[in-house]
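Taking the form predicted on its own, here's one chain by itself in structure tokens.
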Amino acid sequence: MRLLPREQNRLQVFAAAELARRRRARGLLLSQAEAVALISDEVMEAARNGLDYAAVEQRGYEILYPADVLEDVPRLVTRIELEALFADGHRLIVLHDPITGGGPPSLDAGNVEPQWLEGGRPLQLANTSDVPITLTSHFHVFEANRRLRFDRRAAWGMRLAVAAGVKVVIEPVQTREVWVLPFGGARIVRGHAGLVDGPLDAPGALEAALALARERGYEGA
């Protein structure tokens, strides 16, 4: 069985979470790594079970409390980022201080404009969903959430023209202009949304990915 890098990572998280569950069942307090694995696994499974974004996010704050973990773990686990598979595609979930019992932070409506790198070109993204959609710096834009409407052909082989680690949020029903740059190096893409699995410049790769995107309901394909 051949697994994509995303699938391999998912199995590693599951294995670590299972170990954390067993230790917790024996009455042991969880370490930082065990706590992160357990929260991540539970959140990804909640999304896979069909819960909506808000319910999945809320679930992330209900899994562990300070009494469940070793001393200082709540202070050390200040932020967990993971991409969960929802019914309409992968979405980024960000949990802030998920072990304090305080619940999710209030949504900041401010959408700060990032510092765009030179050499990019503009691309209009329209969020047709009712939740924010986040793009990270090195995600293959062509494979972004299926509820984003944009010219996917024009986004082939492109990433956001931002520094590593920077994210851009497109709010519900918002149309936002971003800037994109082509991937460099070997230009091999694997494990993003599963539309591409190999060299971007291989003959027929774009048309095959567009056909798969249309089949799976990606807007703009």
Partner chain sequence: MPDPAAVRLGDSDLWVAAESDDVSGPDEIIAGWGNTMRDGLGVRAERGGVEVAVVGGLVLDPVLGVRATSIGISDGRIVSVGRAGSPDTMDGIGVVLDTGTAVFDARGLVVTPGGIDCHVHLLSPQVCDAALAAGLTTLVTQDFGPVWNLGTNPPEAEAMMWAAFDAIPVNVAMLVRASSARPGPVEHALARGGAGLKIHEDVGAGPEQIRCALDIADRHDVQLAIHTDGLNEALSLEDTYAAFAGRTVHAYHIEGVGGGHAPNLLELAGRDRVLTSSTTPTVPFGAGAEAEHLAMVAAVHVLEPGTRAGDAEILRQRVREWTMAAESVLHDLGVIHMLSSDSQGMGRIGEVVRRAFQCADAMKAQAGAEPGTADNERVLRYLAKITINPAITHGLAADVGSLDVGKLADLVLWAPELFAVRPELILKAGMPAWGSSGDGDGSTMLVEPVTVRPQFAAAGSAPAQTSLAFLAGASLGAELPTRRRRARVQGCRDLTAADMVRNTRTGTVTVDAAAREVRLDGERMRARPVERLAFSGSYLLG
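Residue numbers count along the first chain shown, from 1. Given the structure is predicted, the values throughout are model-derived calculations rather than measurements.
There is also a form predicted together with its partner chain; it is not shown, and the following applies to it.
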*Which residue among V73, L148, L123, L95 has a heavy atom within 4.5 angstroms of its partner chain in the model of the complex?*
V73
*Looking at R59, R159, R176, R152, which is the one with a non-hydrogen atom within 4.5 Å of its partner chain in the model of the complex?*
R159
*Among A33, I80 and A164, does every residue place a heavy atom within 4.5 Å of its partner chain in the model of the complex?*
yes
*asked:* Can you work out whether A16 and its partner chain are in contact in the model of the complex, taking contact to mean some heavy atom pair no more than 4.5 Å apart?
replied: yes
*Is R187 close to its partner chain in the model of the complex, meaning a heavy atom pair under 4.5 Å apart or at it?*
yes
*Report yes if any heavy atom of R23 sits within 4.5 Å of a heavy atom of its partner chain in the model of the complex; otherwise report no.*
yes
*How about Y65: is it within 4.5 Å of its partner chain in the model of the complex, going by heavy atoms?*
no
*Going by its partner chain in the model of the complex, which residues of 123 to 142 come within 4.5 Å of it through any heavy atom?*
T136, S137, H138, F139
